[in-house]
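Read the single chain below, which is given as structure tokens and is the form predicted alone.
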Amino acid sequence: MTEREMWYWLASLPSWSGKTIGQALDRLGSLEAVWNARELPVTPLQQEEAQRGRREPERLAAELEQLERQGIRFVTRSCPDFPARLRRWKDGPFFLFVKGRLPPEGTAAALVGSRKCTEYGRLQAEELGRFLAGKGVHVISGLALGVDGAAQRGALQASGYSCAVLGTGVDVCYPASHRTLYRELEARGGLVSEYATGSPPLPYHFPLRNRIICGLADVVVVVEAGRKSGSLITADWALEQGKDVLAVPGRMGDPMSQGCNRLIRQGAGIVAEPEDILEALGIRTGKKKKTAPELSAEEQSIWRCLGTEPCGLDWICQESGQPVSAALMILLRLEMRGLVRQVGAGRYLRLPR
């Protein structure tokens, strides 16, 4: 029985969490002692699972070979390519299932936020992911709806590296609507999980996977979060690990900004512009002062009406005094310059600059 096969045995036990494995190792002293122990310091259910897994040791080697054929690697802390950031951390995972590439050496930032983000939050996440990847910063997130997926799409659009930490088995795409992003990350980035293949998206998986998102990053950035957003758990893990937390500020009274604004009130760094993240990472920016876009008087009349939340065409025409036909032509010109985006039938907003 090899060490890797013994780790896989533990990884395949459904009710054994990382905490359970750690306690067993602490009590018995070694992985081999856990394998050989007749009585384990666990619940009766966990004891029965362990005994069942040991009855067919040849199955473990066969399943590992099957994983390899499926393009899934099983790496443990003793493997040379296991992420150094996680190996140094006592509460990190003992093993990972991997599709694609593990995070390479280099600076990394976790971009996280609400699944039910606003259009503004989605655009900010995508822009930050694109900006950081363009500067050579790896983007770590969770493949979730909303902020996570947008940040990872932005990173891939800039031909950068992004890694998704899953709360399911690494062979399970959740949510299913992110199938295209999942495949792109497998081909050009990475997908990792500490849960065995086939594991479903159980609610208690996600707070635990957040610690790995944080563990793989040098800094955690919360883009948009409500008062009870799961991304705040990632921020808590960052504080426990001694890492900086930054937040994108939101409008006072906006429910989707309560989490970020509270983090800032508690001392988190403020992301007023993308370069603020680079500075937190210790990367010199040499940033230049931004200038307002040069606009004609007609364009200014439309530009002043727009904000970070979508505005309807009727309202834009009413506020600017422009007829519908002229407003549409101006909005098209602004959209072609990357200053405005249409986000639905007759609804527009300013893009972050």
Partner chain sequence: MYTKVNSVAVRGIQGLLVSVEADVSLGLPEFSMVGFLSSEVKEARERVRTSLRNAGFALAPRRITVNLSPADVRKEGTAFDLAVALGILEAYGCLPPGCLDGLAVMGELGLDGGVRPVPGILSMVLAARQAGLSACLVPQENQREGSLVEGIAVVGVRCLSEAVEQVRRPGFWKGLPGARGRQSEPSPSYPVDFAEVKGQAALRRAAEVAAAGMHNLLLVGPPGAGKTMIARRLPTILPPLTRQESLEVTQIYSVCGLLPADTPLLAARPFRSPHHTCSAQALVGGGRIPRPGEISLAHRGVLFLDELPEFSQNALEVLRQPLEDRQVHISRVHGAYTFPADCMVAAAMNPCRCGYYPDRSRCQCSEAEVRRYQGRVSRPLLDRMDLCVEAAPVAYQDMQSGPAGEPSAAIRRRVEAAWQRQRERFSGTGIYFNSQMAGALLEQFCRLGPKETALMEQAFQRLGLSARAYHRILRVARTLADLEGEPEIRERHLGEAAGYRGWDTCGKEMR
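Nothing here was measured: the structure is a model prediction, and the numbers come from that model. Residue numbers count along the first chain shown, from 1.
One more form of this protein exists, namely the form predicted together with the partner chain; it is left out here, but the text below deals with it.
Contact with the partner chain in the predicted bound form, judged as any non-hydrogen atom within 4.5 angstroms, is confined among 59 to 67, 42 to 50, 22 to 30, 311 to 319 to 311 to 319. Residue 338 belongs to the set of residues with a heavy atom inside 4.5 Å of the partner chain in the predicted bound form. Among heavy atoms of residue 126, some come within 4.5 Å of the partner chain in the predicted bound form. The partner chain in the predicted bound form comes within 4.5 Å of no heavy atom belonging to residue 266. For the chain shown alone, residue 14 is not a contact residue for the partner chain in the predicted bound form, no non-hydrogen atom being within 4.5 angstroms. Looking at the partner chain in the predicted bound form, residues 122, 146 and 329 each place a heavy atom within 4.5 Å of it. With the partner omitted here, the residue from 255, 71, 198, 104 that has a non-hydrogen atom within 4.5 angstroms of the partner chain in the predicted bound form is 255. For the options 77, 251, 115, 183, the residue carrying a heavy atom within 4.5 angstroms of the partner chain in the predicted bound form is 115.
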